[in-house]
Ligand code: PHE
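Okay, so here's just one chain, in structure tokens, the form predicted alone.
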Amino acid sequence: MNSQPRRVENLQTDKGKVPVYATGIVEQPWDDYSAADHDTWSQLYARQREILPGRACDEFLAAQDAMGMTPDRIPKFSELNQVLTATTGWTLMGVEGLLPELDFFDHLANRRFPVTWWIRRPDQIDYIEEPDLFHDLFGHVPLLMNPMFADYMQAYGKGGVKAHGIGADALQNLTRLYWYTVEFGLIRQADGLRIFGAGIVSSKGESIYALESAAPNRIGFDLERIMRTRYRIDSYQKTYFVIDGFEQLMRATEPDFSPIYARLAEQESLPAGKVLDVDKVYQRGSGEGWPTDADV
């Protein structure tokens, strides 16, 4: 592991900001976090936990509590690993920033979850373009305590390694699946829609928008539909996909995706905000039924 961790963020170029990838695996420099770093964690943690009850899925909130995360200080990866590894066999490891795709897939396939070691600056409280420690640790890690979701993430990693070998189109299809489930997924509970995607649960604005705004589409989970759907990274989502449970994700990852990639290669990608006649479109409510297209 690197002894001198770097903070790797986007690079400003004449073409705009571009992602910078880093392969460094680092020890969490916990003793080097400043009071401002811990205060940033505390503010973000308290703000999200205030608004997530009734919005985040039950599994997320229960798992986060079981891990022992608290608002008073940035958690130590080593302490979280004692609980996480004993529960589902996953291990957190520190990274400097975005990983190259194949490295990321390989870690997931082996039940290692990369967590950015650095946390956003105080002036980035409300928004940061790249994933930082708060997004990774608060948003992604809790559901790794859920055995079904933990298995899904490993299966996704194995699928990513395979897709990387097939080609760019297959990789794009699979990336869309991650985006619309792991990052921005919604789930149906008996008492209504809830959020589970890390990109939502780590954002105050999107936690409210995803469930309570009339603007976005909320479409029933369909694997190939998701893999055809483009997305934007610089705004709230125009479409969210809704799963019926984490078992549904596991069933979706069981088949060989190669025939799916072949079929999708013959079809055009869909704009993020498009609704098809065959889509199950779900808006706000108790979760008791899907409205007809005419109701949307």
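Heads up: residue numbers just count along the shown sequence, starting at 1. Keep in mind that this is a model prediction, so the values were computed, not measured.
One more form of this protein should be noted, the form predicted together with phenylalanine (PHE), which is absent from this view; the next part is about it.
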Problem - 162, 177 and 254 each touching phenylalanine (PHE) in the predicted complex (heavy atom, 4.5 Å) - result: yes
Practice task
Check whether residue 77 has any heavy atom within 4.5 Å of a heavy atom of phenylalanine (PHE) in the predicted complex, and answer yes or no.
Solution key: no
Problem - Touches phenylalanine (PHE) in the predicted complex: residue 93 (any heavy atom, 4.5 Å) - result: no
Handout entry: residue 109: touches phenylalanine (PHE) in the predicted complex, heavy atom cutoff 4.5 angstroms
Key = no
Practice task
Would you check, heavy atoms only and a 4.5 Å threshold, whether residue 149 touches phenylalanine (PHE) in the predicted complex?
Solution key: no
Exercise for the section: Quick one: find which of 150-158, 210-218, 79-87, 94-102 has residues within 4.5 Å of phenylalanine (PHE) in the predicted complex by heavy atom distance. Expected result: 150-158
Problem - Heavy atom within 4.5 Å of phenylalanine (PHE) in the predicted complex - the one residue of 261, 236, 231, 33 that qualifies - result: 261
Problem - Contact set, 196-229 vs phenylalanine (PHE) in the predicted complex - heavy atom within 4.5 angstroms - result: none
